[in-house]
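A single chain comes next, written as structure tokens; it is the form predicted alone.
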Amino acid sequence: MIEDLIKPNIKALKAYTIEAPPCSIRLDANESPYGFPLGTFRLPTNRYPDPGAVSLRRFLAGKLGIEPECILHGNGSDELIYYLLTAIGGPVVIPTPTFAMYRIIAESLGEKQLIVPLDEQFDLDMDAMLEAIEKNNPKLIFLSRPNNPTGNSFTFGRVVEIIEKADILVVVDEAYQPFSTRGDSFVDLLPRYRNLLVMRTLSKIGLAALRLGFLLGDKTIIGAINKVRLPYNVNSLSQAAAIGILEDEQSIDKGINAVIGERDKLFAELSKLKGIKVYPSDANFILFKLDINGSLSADALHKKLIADDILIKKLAGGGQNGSSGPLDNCFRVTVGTPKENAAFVTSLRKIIEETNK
């Protein structure tokens, strides 16, 4: 059988799927509601892009206060996760619930995953984390901060403790850091810890179409990971557009601040609804749990929202391999425009009130 040629781990892999019902209000993918005009770029379409993204890395290095050699560019964070696992390998420690692609890419590469549940506050369970590291000799750990899909930031000191105690590479994924009002970033600690790597992306601040992510860290480690990077992995338009748009810091900050303001309003409105438990968020989305004594299922709510032309993310349980867990009956809603957020809250309130009649 031709199917026998496929690797066993790929056969067993459950692919990451993206819902695509034709809703005009899409609050499911953690995108920014505010985009930027690309303008007119005179680019030679017959030439390959700069393979080293030299101008872009120099530009980012100036903003971040690090050397360009400490930056690796990727076609979104997903590609960088793939490069990390390809170059470093496993075992890899992955807290759960968290960003699904850490596990999916590790599985696709046949690397062992050490899944460690978060505590009841969705923070790092330090005893369990350190035990997993001590007993299994992993090479890599992924820590999403703020965490997707829970929205909270792991306690800063706990992350530092792992960096200091674990003789492994610690990857802090700061995809949602621009929306955190805590003002702390692990980029500032890069000179202190050689085993620390920080991931950043432009996707959440309004540039998702460009597919641009960056890995920051010690130049020796970055240089080693760069050996597995595919040539010309970031296209010319993305490189040029990123520099042009990021130079306008005022517009970038305006969009971020608008999302933060709307997030706080949306949190307040959701908190007023009976049968909904809302979790605080440092990100551009909010996690909430449906709790109406079984009178309204998560599937039913999801379908009713879609019928109202609104799409949000219905989450799996959050246990190992998607089993039942702390995310049962949970949803993740992206912060949209004021009009989109109002439409979502109105629809959700109507559905809940109809259920409670």
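Residue positions are given as counts along the sequence shown, with the first one as 1. This one's a predicted model, so the numbers in the text were calculated from it and none came from an experiment.
Form predicted in complex with a small molecule: not shown, discussed below.
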query: In the model of the complex, Lys204 touching the small molecule (heavy atom, 4.5 Å); finding: yes
query: Exercise: Ala175 in contact with the small molecule in the model of the complex, heavy atom 4.5 Å; finding: yes
query: Partner proximity in the model of the complex: Asp264 to the small molecule, non-hydrogen atom cutoff 4.5 Å; finding: no
query: Partner proximity in the model of the complex: Phe99 to the small molecule, non-hydrogen atom cutoff 4.5 Å; finding: yes
query: Heavy atom within 4.5 Å of the small molecule in the model of the complex - residue from Lys139, Arg211, Arg194, Arg158; finding: Arg211
query: Proximity to the small molecule in the model of the complex, single hit among Gln113, Ser77, Ser153, Ser238 (heavy atom within 4.5 Å); finding: Ser77
query: Partner-facing stretch of 143 to 151, 89 to 97, 120 to 128, 244 to 252, counted where any non-hydrogen atom is within 4.5 angstroms of the small molecule in the model of the complex; finding: 143 to 151
